[in-house]
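Only one chain is given next, in structure tokens, and it is the form predicted alone.
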């Protein structure tokens, strides 16, 4: 795969950096809220009277889970397409800016409502907890803005295909397309529940809301949201890290196949988040659990492909023995080391995911803080560390600066600090969850309950881990500001891997979007139509809105 540009056009770079500025502001705000949460849960710290636990919990979840990720991913994908498929046209760039400003306005609206304590509904904004209408409108604008950003990406892809008939698209552009299409299909669910249920309900146009329908539409979106976060990390692992280490991509076809499988199997699996909910027939839950386990296949394909790349590189440098190739990897390069820590974290994270998705094991951990620990291993370690690793080279590339030796060293320290903090925090969350400690709860001894006393040492360990993680956030923000504004001027490489000479030729079937979108739609209809009709036919009267905090 040959790249079109040596450097990303400065005009495209400004658009990408605008997305990144919002993402890293979100990291600062959400990180502070996360630190306060862990301190409160330890029982050693009380919040001031003008704020509440569930208000900062909502800030933490919305700002990091939705704002940081969506802005970073859209910015990153715009950079990938500009690099590998050619500079964006004026129309495509303008579309990207409209998307950015729509998302930003929506973010500000939602944030103001949370800060005014009019939307302490957590990041899942589950009914019957009710937020102010402006919160729902703000979230809708974030989704619509991301669709407009996605339109810019699709336009760029279409113009490349038109100019290069019969050729497979550049791998990174193809990956960005799959992720964008998956996001657009998935967000239809959350847009539907907000526009047709939550917004009229919050405006007082209807008195009650069907909670089961609302949650089902949310999780139709909520699980592919996880893969929307994860796939950009996979893009870096598959196609960028090989170039950084000096190796080659193991297989272009394997990478494309794994992304197509994510598109097919990531959406019709939302019921595995609803295994304990009444109103859904167990047979349909079972079907979606089976489909969930199919998502394991592209993850294992990714693990195989990555470590095959690492081993091939090590052997080419003369490594011998079973693990001799490990010594040959560039352990002094933050662009490799930090994403590699993320890859390692994904091993226990993936195993925890299998536990969550299994009907029987889910009964043990459902709604315990185990789930939060799993979430912090997947998103807050594997994905976020890879995003940091991307930032170390992409930010200076876009700003015309370089990653200095001092910043590279500090970046490695930052990755290690993050890994230590998360080991404490996520490890304690997993352990406390197995003892029955609930999620989404502030500090409580539950009236001196003996069982609750067992959880407190783990909650103190979470506060220790959270404090170390906050130090990691401060380091990351310092590095980002340096690379954006103060690092020496120069040219930083945009590493795009080339496919191994031994790899098979890429078949054109991967570019057949009618086929892949058609299969995706069929799977969604198969998994959701009958249970959804059942929910509506047997709907209860619905719930009024509640504001507890």
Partner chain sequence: MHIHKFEKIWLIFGITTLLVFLTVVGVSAFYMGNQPPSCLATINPEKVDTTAPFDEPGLKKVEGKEWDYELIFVASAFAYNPGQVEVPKGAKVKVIATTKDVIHGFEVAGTNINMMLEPGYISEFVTTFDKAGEYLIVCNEYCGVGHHMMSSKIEVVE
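Numbering follows the first chain given and starts at 1. Nothing here was measured: the structure is a model prediction, and the numbers come from that model.
The discussion below concerns the form predicted together with the partner chain, not included here.
- With the partner left out here, the partner chain still marks one of 102 to 110, 460 to 468, 79 to 87, 435 to 443 in the model of the complex; by a 4.5 Å heavy atom cut-off that stretch is 435 to 443.
- The partner chain in the model of the complex is approached by residue 212, whose closest heavy atom lies within 4.5 angstroms of it.
- Put simply, residue 510 is close to the partner chain in the model of the complex: some heavy atom of it is within 4.5 Å.
- Contact check for residue 220: no non-hydrogen atom falls within 4.5 Å of the partner chain in the model of the complex.
- Using a 4.5 angstroms limit between non-hydrogen atoms, residue 165 is distant from the partner chain in the model of the complex.
- Each of 297, 541 and 544 comes within 4.5 Å of the partner chain in the model of the complex, counting any heavy atom.
- Interface residue among 246, 200, 427, 279, judged by heavy atoms within 4.5 Å of the partner chain in the model of the complex: 279.
- 286 is the sole member of 196, 331, 478, 286 with a non-hydrogen atom lying within 4.5 angstroms of the partner chain in the model of the complex.
- Shown here without the partner chain, the chain has only 129 in 129 to 150 lying with a heavy atom within 4.5 Å of that partner in the model of the complex.
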